[in-house]
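To begin, one chain is listed below as structure tokens, in the form predicted alone.
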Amino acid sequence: MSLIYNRVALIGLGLIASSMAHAMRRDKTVGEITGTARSAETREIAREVGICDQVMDTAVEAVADADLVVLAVPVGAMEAVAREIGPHLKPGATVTDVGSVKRAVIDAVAPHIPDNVHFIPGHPLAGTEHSGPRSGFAELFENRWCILSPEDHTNAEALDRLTRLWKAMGANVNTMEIDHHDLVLAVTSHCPHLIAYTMVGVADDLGRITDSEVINYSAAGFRDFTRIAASDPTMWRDVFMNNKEATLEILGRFTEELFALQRAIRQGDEQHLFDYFTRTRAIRRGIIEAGQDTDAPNFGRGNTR
């Protein structure tokens, strides 16, 4: 595969960045990968694992002469990183991110990006419950979507180049308007995570069920809730603090739906429950048909990831 970027800098070396590094190295789409992380321990692990060609102690060192800079830090840390690296970015370079919120990231990052540098917000819809530099693997993005949110004046060549990189890593790429992205993700990711955290919290608070019973007798539904709720707490705290409007809108609708189901159960309305579950089951089938999961046992998830 042909070279797309000569040098890529990864700021933050968790699951997404380390998976990008493994995928880029596998496909030989970049010449050199530099990286850094705030934690000295993370940097040392990254050196041990061999994620990057060079792991730097600072973001300024990492971005030197980089053609692509990937901000792979929690949303709440984006502004500080952008302010730090802004004056040191190579003219003509592209800066992107992997945050699951877009409006807040743009507001935080864009003011610090020089006019001669291209900023293309991005969001790969891929992940596991694992985090950290040891968790990455090259296949993470295979047949998953990466959403890019370019502005109207975004350089077409820079957008095409970034798109080619994501496709080379196995992702399907689409563009989406910023605020619509945040609403869609509130439905498909943010609120489901919040509900999962809540359900696990309910089980923890319910004194009549012991911890051993919760652990030993977890059926598929609760088991999947705990998988989701194991995700990185710092990242999800920042997501909810930075996507308040869309999240609260969807939670309001969720509450209305939940009250309707409560009423149906209380009143013994079997038909309402059957019709509702039939309609929602069709969505699950659509996800399988789109290739975003399988109908294999354990929801198609193996034991290794």
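As the structure is a prediction and not an experimental result, all values here were calculated from the model. We number the residues from 1 along the sequence you see.
Missing here is the form predicted together with a small molecule; even so, the following discussion is about that form.
Looking at residue 100, you'd find a heavy atom of it within 4.5 angstroms of the small molecule in the predicted complex. Looking at residue 77, you'd find a heavy atom of it within 4.5 angstroms of the small molecule in the predicted complex. Although the partner is absent here, residue 13 lies within 4.5 Å of the small molecule in the predicted complex, judged by heavy atoms. The small molecule is not drawn, but in the predicted complex it has no heavy atom within 4.5 Å of residue 181.
Of the candidate stretches 243-251, 33-41, 50-58, 264-272, only 33-41 has residues with heavy atoms within 4.5 Å of the small molecule in the predicted complex.
Relative to the small molecule in the predicted complex, residues 23, 27 and 170 are all farther than 4.5 Å at every heavy atom. The partner is absent here, but in the predicted complex a heavy atom of 73, alone among 73, 85, 95, 186, sits within 4.5 Å of the small molecule. Comment: the small molecule is not present in this chain, but in the predicted complex one of 108, 165, 81, 146 has a heavy atom within 4.5 Å of it, namely 81.
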